[in-house]
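Just one chain is shown here, as C-alpha cells, and it is the form predicted alone.
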C-alpha cells in the first residue's frame, strides 16, 4: 500500500484492547501516518475505566522495535539468515519431513507459550495445529503455572477450563494466597484496574487478607498480611477446613443436595489442627482460627490462590483445599463469593447437571511415565525426553511464542538439549534464548496489524464484556492465520505451497456443520447457505469469531434474536460493550458423571497421602527457601527489549531479610552466589524487611546474556536467569506442575 494511503487510513485515534496481560485494558492509540505517537488508557472503556499500566503504554515501542522480526529466518551454514516466506516453509517441509521419515511423529514436540492466548488467530488455530502435529509430546505454559487448577476443576465439577473467580466487586472478605495482582494485573482472573477495585473494597466495608512469604505490593495494601513459609499453604488451608468442621461452621447452602465426599474431606483434614500446622507454616493458632471464622461469618467471602500457591510441591492439594473452602463456607457460585464467567461467545448450559466427567493419564511420558493432564506432559520433563535415547526420543520441536530456556526448570540442561535437536521451528517475534537454536523462525505480525478480540481471557472475566477492533496498520507480511494455516498444511503432508485458504474454509465449514448438527440442539431454524452468505465478506478469523458471537448466549442468531450481538454490531461500539457481572451457573454447569461436586475424587485423595506424610515428618527448616517475584514493568521473559520498561536501577536482585543478610555476611549492593541442587548464579543483594526470615526472592524471566541473542536492549539489561536454580527433578506429582517456589538454596557472600 502506498505511504499516503497508509497514512490516510491509520492517522487518528484507534481503540483496542491491550494484548500484553490478562487484564485486557482498553487503549486509545494515537497514530500519525505509520507511527504510534501515544498510547493512553481508554477512559470510555466500561470495563477498564481508563486504567493502563506501564506495559500497555509501550505498545507503540513494541510495534516499532527494530529487533522485532518482520520476516522469516532460516539457518544456513550454521547461521540464521533472512529468507522469503516460501523459502521458510520449504525448509520446514524438508526439515520436519526428514525427521519424521527416520524417527516417526512421536519424535516431535509441540510447545505453546502464554502469548498464544493473547491474540485472536492463535486462539482459533492452535487446535488444528495440535491435531496436525499428531504427537503425544505436548507442552505448554500451564505446567509452569496453573495446571493444579485445571486438574481440580476437572475432577470436582467436571470441566477443567471452568475456574472459580473472586467476585471482587461485590465481596466482603477476600483471602488471597500466592497472588500479587497489583503487579500481575490479575491471573486466571480478568479484572482490569485491579488497584481501583481493591480501593473500593474497604469503602464498602470489605476486608482484604493476603498470605505471602513476602510483603508484596498487594500485601502492603491489605487490611492484614500473614507471612507463611513457602510451599506450606496447603497445611494452613487444611487447618482452616479442619476448624470449620470442628466448630460446626460448614454451610453448603443450596448445594447440599449436590455435594459428594464431605465425610472424606472431614477425615482427610482431621489431623491438620491449627496447633499441628503452626510450626510447619509459621502461622499462629489464633490467626488461623480467626480467619476460618471470618470466612464462615462474612456476608460474602472468596478465597483466591494463584501462581505462588500452585507452583509448589503440593500445588494440586493447595488448589483442592482452596476450592473446598469456597464450597464449605457457602461461597461457591454466589454473588460476592467465587463465580464462573459467561463469555458471550459461549452458549449457556441451563439443563440438568451431569456429564462425561474428566480423565487424566490416558497416555504417559516415555522416560518417567508422567501421566498426561489436559493432554499435556510436565514442562519439567521436557529435557529428559530430549536427552534420553531410544524410540520416541524428541528430536524435533515446534515452539510457538514460548521461551522454555528461560521459563522452564533447569535452564542449562534445556539450553543444551535445544542445541542438539535435529530440527526446530520457532513461531516468534524475537531471536531469544530459545529461538537462537531454531532452524526456522516464523515471526507473527505486529499485534497492531491484526484483528483484536479477547477470546480466551473473557473465559475468566469478572464481567461479561466484548470489544472488537480492526487492524491499525496494514500488514507487512502474511496474517497470523495464514502462517498457522500453512504450518498446519505442511504437517498434514499437503506441502509447503498449499494455499492457506484450504484450512480457512475447512474450519468455517466445520464450525457451521457443528452448529447445525441436530444432535447439538442447533438454535433456531438456521440455514447453511444463509450463514455462509452472511460471512462472505469477512476475513478468516472474523468468520470464525462472528459465528461464535452470533450463536452465543447474547448473539443475534443471524437476525432471529432481536437486539442480539454480531461482529458488525460490536464494530459500532469501539469502546466495547459490558453485558453485566457474573451470575450463578451451577448446578447446571456440573459435568461430573454423578452430576455432583465430587469433593474427594480418588486422584486427589491418593495425592493427599504425600501431604499427610509431610505433616507427620516435616522437613528441616534451617536453610533458605527461594521464591519468585514479578514486576509491573515485566511480562515473563519477553518485555525486556523495551527501553522504557527496563531503564533505571536493576530490578534483578536477590531480596533477603536484613537479619539473614547479617547472619550470612551479605552487604546491600554487594554480590552473592546462590546455589541449588541443579545450578548456581551470581546476583546483587538487596535487603528488605518485606521478606519473611528464611526466605529469599529472585525475579523470573531474565538472563539475557547469551551468544546469538538479537535483543539489543535486553542484552544491556541482562539480569540473571532464576530458572538456573529451579529443579526439574521435583514436580507436583498429581498435576505435573513445575516447582518454582520453596526451592532450597544456599547463599554465599562473594568478595
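Positions refer to the first chain, counted from 1. Since this is a predicted model, take the numbers as computed values, not measurements.
Separately, the form predicted in complex with a small molecule exists; it is not shown, and the next lines address it.
With respect to the small molecule in the predicted complex, the three residues 14, 197 and 465 uniformly fall beyond 4.5 angstroms at the level of their nearest heavy atom. Contact with the small molecule, judged by heavy atoms within 4.5 Å in the predicted complex, is confined among 634 to 642, 529 to 537, 468 to 476, 413 to 421 to 634 to 642. Although the partner is absent from this view, residue 10 stays clear of the small molecule in the predicted complex, with no non-hydrogen atom inside 4.5 angstroms. With a 4.5 Å cutoff on heavy atoms, residue 21 counts as touching the small molecule in the predicted complex. Among heavy atoms of residue 183, some come within 4.5 Å of the small molecule in the predicted complex.
Although the partner is absent from this view, residue 55 contacts the small molecule in the predicted complex, with a non-hydrogen atom inside 4.5 angstroms.
The listed set 403, 326, 243, 456 contains one residue whose heavy atoms approach the small molecule in the predicted complex to within 4.5 Å, identified as 403. Think of it this way: in the predicted complex, the small molecule has a heavy atom of just one of 307, 396, 570, 74 within 4.5 Å, and the residue is 307.
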